[in-house]
Every structure is written in C-alpha cells, then in structure tokens.
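Okay, here we've got a single chain as structure tokens, the form predicted alone, with questions on binding and movement later.
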Amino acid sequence: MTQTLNQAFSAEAVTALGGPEWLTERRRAALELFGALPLPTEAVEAWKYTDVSGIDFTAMKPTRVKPAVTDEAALPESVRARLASTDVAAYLVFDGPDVVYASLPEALREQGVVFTDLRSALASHEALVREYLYSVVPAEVPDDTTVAAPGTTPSKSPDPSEGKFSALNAALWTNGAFVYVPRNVEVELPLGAFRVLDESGAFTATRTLVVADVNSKVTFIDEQDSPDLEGAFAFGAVELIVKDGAQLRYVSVQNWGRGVTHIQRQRGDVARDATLNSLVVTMGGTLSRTEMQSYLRGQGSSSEMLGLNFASEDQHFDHYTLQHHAAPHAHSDLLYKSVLADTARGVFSGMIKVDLGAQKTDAYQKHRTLLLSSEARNDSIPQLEINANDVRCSHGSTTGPVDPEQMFYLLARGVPRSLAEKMLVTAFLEDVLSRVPLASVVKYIEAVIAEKVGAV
C-alpha cells in the first residue's frame, strides 16, 4: 500500500465491522483501492490549491464506543439547543459513529417512511440498502460521462482526486443516516441528523443515504458540531437519490471545531422531472474540502445548489462543485458566497458540464467572495464544458473587500465596527439565506456568523 493506516483499520478490522457478506466484500475492495491510489497532490488540477500531504493516516484512531441514552436531557448541550430551536419531524443523534438517541413518530412509520441509522437499516431493510448504497458515491467513482444508475455497478476510475478519499470512506464507514420516502408520500417537517465529536485524534467516517421515491417530497437536515480538538478527522459521503417527480431538499451545516480535518463528497442523482435543492454551509474545521455534485439524469430535472462559508484565522475551505447535465430540458442554478477573514484561505472550483444531446440546458453558476482582511486569499475557478449547441449557460466569479463607503456610513452613525461587519456580512449572504425556507436553520447560521465576527 502506498499509504498505511493505523492498525486499527486493518483488513481484519474491516471484516470485524460486520454486516452481510456483500458489504464486507465491498469494504475489502475499497480498502485495497485506497492503498493502490496515490494521495492527491497539488499537481492534480482538482487539488491544485489544497495540500493534503500532511494527513497522517497512521495517527488516526477509532472513536470510543458511545452508549445510547434514553432521555433527551442526557444529550450534549449543543444538540439539545439545536433540537429546541429546530422544527423536525424526526431525528437521529450521533456521537462519533454511534447513534445515541433516535426519534421517529409512529405516524411516519405508518406512511412507510424509513428513517434510521445505516447499521440498523442493514438488518431491517437490507434489500433497500443493497440497492442504493455505493450507487451514487461508490468507492470507485466513475468518470463523469459514465455515471451508473442507482442500483448498478459503476466503472472504475484511476483518478486520485476522485477515488482516494471515497475509497477510504467506503471501506471504513461505521454508521450514518438512512432515509427512504415511499412513492407519493410527502413528509411535511424536516428529518434531521445531528453529529457531535469530542475526541482529539479521533477518526470518523460516516455515510448519508437518502432515497426519495417517485413523486415523494422530503427535507433532510445534516448538522455536524464539535469543540476545538487537537487533531481529528471526519470523512463523509452523502448519496442523494431523487426519483421521477420527487422533491428533495438537503441541508448540510458543518461547524466542527478547530483542529478537525473534514473531507466530504456529496452527490445527487436527479431523475425525470425531479428537483434537488441543496444548501452546504461550512463554518468549522481547520481544513475542509467539500465536493458537491448534481447529476441531472432525467429530462426536465432541476437542481438548485446553494452554499455559504465563513473562514477566519488560519482556516482553509475548499469547495468543488459539478452541475452535470446528461439529459435535455434540465435546469441548474448554483449560488455560492464566501467570507474570508484574518489569514483564511478559500478555494472554489465549479464546473458546468453539458453532455452531447442535453439540448435546452439552462444552467447558471455564480460565486462571490467578500474579503474582511488584506491577508485573506481566495482562488476561484468557474468552468464550462459544453457539448451541445442549443443551451443557455453562464458562470461568473467576483472577489473584493468590504465597501469602504458602506463601512464608513455605519461607523459614522455610531454602529460599532464588529456589529457593522456583522451587518455587512449578513447583507452579503442574504440572497443565499433568503432562498432557504427553513427559518430555524437560517437563524442558527446567522448566530454562527455573529460569533465569527465577534458581535456576540
């Protein structure tokens, strides 16, 4: 193997994770692929501005097993606060990889909604899990022109920017959330998964698998939070499957503490006349790399990709996006906003890709960055790859400091600088936040922003 893992993650340990034989075989193959693929370097275009050579795989250690609790009052304070302020129909609470609390009303069960952790789903709904697991974010992520349909085996790709960390997650994931909404079922309130981590040096690999069946509708909130830690690793994979006519809204809020390295791939597979709305919020961690991809497989499909991030001090946030149009008459709209303070570094690389035959594509991509410091740095690379001749596509990126006239106006009227910065940052992010119909999530994001600029 070109990279070695802590012995706690050996092939024997992978087998010890348990589960059906088909899953163990996939894990073993993924572990072998992880060892065979080189670590992405800055010579790889997709990783040109993010250095991951400092990741020491031998230093990673599994998290301690956390016991379940029977009373919501025993949950971590940060989780209790979020539950008290967030309207959810059902929720899971993870401490590291372990489910410590679960709530699913009987009314949802009676509708056929499945919302549980992946470990439990393997026992109670193995056929469903086997059909969809690894179908959208497999260990061997295929070339984007040959994305396999959910439930089928994708082709392999040797590209390290695609496969290295996906293979690691596919081999070592220990748990995650599983959602299945049956045909024609609408879940009115969101479902939620709240993850906490409190161990320095710990490694956690989780997967989220959401399946919205034909003409169904659901919102899923995925939040991650921790205190500052002396080195911790969170590697995630999110698979979103939106079938014909379905509507899925996915919200990810990453607020790990300093010292956490976060690498996650999120991919949505959107079928005919289906809609995927996603919001990715990045506030925490020292090094964070998030890949968001929408694969518009079906005619008339639609994807809205919203994102906002706020990096300060020495944080490094890298966002890599793909709007892949594989069918005609599909629509995608991406709007990302970044705020950088102190010596923070931001990276955005976005691609609109239109396949041959995907006529009448309507695609937009916009990324804007606000610099609160002259020492902060942003690299933004919007891209187009068009293989059809009847499309409407646009992309653009801007980077600039706070408007001095706006700041002067607020200071001249007695507004403290910290509060003035909060107001300007919130105004800058408003066109993203205004498109999120989840008031409790927006309020939480605004509170984190206020803390970042020192206004609380």
Partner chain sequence: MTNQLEIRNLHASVGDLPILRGVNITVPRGELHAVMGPNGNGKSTLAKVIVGDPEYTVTEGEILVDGHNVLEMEPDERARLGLFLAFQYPVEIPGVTIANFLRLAMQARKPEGEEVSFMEFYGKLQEALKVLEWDESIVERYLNAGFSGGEKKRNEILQMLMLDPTYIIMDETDSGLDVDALKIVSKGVNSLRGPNLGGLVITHYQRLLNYIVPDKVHIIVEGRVVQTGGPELAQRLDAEGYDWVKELARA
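Here, rigid core means the biggest group of C-alpha atoms that superpose within 1.5 Å across both forms. Every value quoted in this text rests on a predicted model; they were computed, and no experiment measured them. Numbering follows the first chain given and starts at 1.
From this point on, the text means the form predicted in complex with the partner chain, which you will not see here.
(request) Sort through Met423, Val44, Val52, Val69 and report the residue having a heavy atom within 4.5 Å of the partner chain in the predicted complex. (result) Comparing distances to the partner chain in the predicted complex, the residue within 4.5 Å is Met423.
(message) Counting any non-hydrogen atom inside 4.5 Å, which residue from Gln406, Thr58, Asn389, Thr398 sits next to the partner chain in the predicted complex?
(response) By the 4.5 Å criterion, the partner-contacting residue is Gln406.
(message) Even though the partner isn't displayed, in the predicted complex is Ser434 close enough to the partner chain, meaning a heavy atom within 4.5 Å?
(response) Yes, Ser434 is a contact residue.
(request) With heavy atoms only and a cut-off of 4.5 Å, decide whether Pro38 touches the partner chain in the predicted complex. (result) Output for Pro38 is no: heavy atoms all beyond 4.5 Å of the partner chain.
(request) Report yes if any heavy atom of Arg64 sits within 4.5 Å of a heavy atom of the partner chain in the predicted complex; otherwise report no. (result) No, Arg64 stays farther than 4.5 Å from the partner chain in the predicted complex.
(request) Although the partner chain is absent from this view, report whether Val402 comes within 4.5 Å of it in the predicted complex, heavy atoms only. (result) The answer is no: Val402 has no heavy atom within 4.5 Å of the partner chain.
(message) Only one of these stretches, 44-52, 413-421, 22-30, 389-397, has heavy atoms within 4.5 Å of the partner chain in the predicted complex; which one is it?
(response) Selected range: 413-421.
(message) After a rigid core superposition, would you say the CA of Asn387 moves by 2 angstroms or more between the shown form and the other one, or not?
(response) Comparing forms between the shown form and the other one, the Asn387 CA shifts below 2 Å.
(request) Please say whether, between the shown form and the other one, the C-alpha of Val44 moves by 2 Å or more once the core is aligned. (result) For Val44, whose C-alpha is compared between the shown form and the other one after core superposition, the shift is less than 2 Å.
(message) If I superpose the two forms on their rigid core, does the C-alpha of Pro67 end up displaced by 2 Å or more between the shown form and the other one?
(response) It does not reach a 2 Å shift.
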